[in-house]
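We begin with a single chain expressed as structure tokens, specifically the form predicted alone.
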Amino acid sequence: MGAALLFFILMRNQVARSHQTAVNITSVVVLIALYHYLRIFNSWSDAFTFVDGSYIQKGAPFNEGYRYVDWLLTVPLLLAELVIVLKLAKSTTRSLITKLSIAAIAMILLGYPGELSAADSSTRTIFGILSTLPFLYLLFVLFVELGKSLDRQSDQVRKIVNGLRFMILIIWGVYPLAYIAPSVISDEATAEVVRQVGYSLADILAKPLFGLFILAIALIKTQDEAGSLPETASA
């Protein structure tokens, strides 16, 4: 997350000013993630210690809340930067960002009670299903409503956006798999490790990698706009 933050800051001036907002949001996303991962790391270290060849709990609980606060802040921003970088009509931009943000926040808030419940409880299953419903709506907005707004985009940009939409579908599919790990893996310690590693890998793909795609769109649009200027203006 820190390396991505540095890269996006260094690349910011390579993008036309009209497209820098999306790159700035990308930088904010990985900055927020960097902070929360430091807190997650410290919370994990405080919760466990290595004794006689195995890890045991010290008594301090591992705080899963840091991860959900991170998602609550970064996921709406991730979706907003995708819409903003496309430079759609203001009314379309506002409508898409509102719908995507509400769906993302609902998805995360509904998942949190299940995360805190026991692995074999009905509460975990119910809230897991409930959080899936706004995720499905989010995919509908991305694939159907956003798709209707891509006609005026260049072929390169359309290809990247299509790739991003499928990337969201695949990568965000890792989160529910990690979520259900405690319910399908009998060993509690193994299930916890699988869950945390799954969440962390998905975050890396969903934030720095997603940001690289956003940066690519901004660079393409910058080049297209520079190429469309008269020679005297571009000189």
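Nothing here was measured: the structure is a model prediction, and the numbers come from that model. Residue numbers here begin at 1 and follow the sequence given.
The following text describes the form predicted in complex with a small molecule, which does not appear among the structures shown.
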The small molecule isn't shown here, but in the predicted bound form which of L164, L146, L78, L88 has a heavy atom within 4.5 Å of it? L78
Taking the partner as it appears in the predicted bound form, which of 128 to 136, 80 to 88, 148 to 156, 95 to 103 has residues with heavy atoms within 4.5 Å of the small molecule? 128 to 136
Examine G198 and determine whether its closest non-hydrogen atom to the small molecule in the predicted bound form is within 4.5 angstroms. no
In the predicted bound form, does P176 come within 4.5 Å of the small molecule, counting heavy atoms only? yes
Please check if M107 has a heavy atom lying within 4.5 Å of any heavy atom of the small molecule in the predicted bound form. yes
With a cut-off of 4.5 Å between heavy atoms, is W172 one of the residues that contacts the small molecule in the predicted bound form? yes
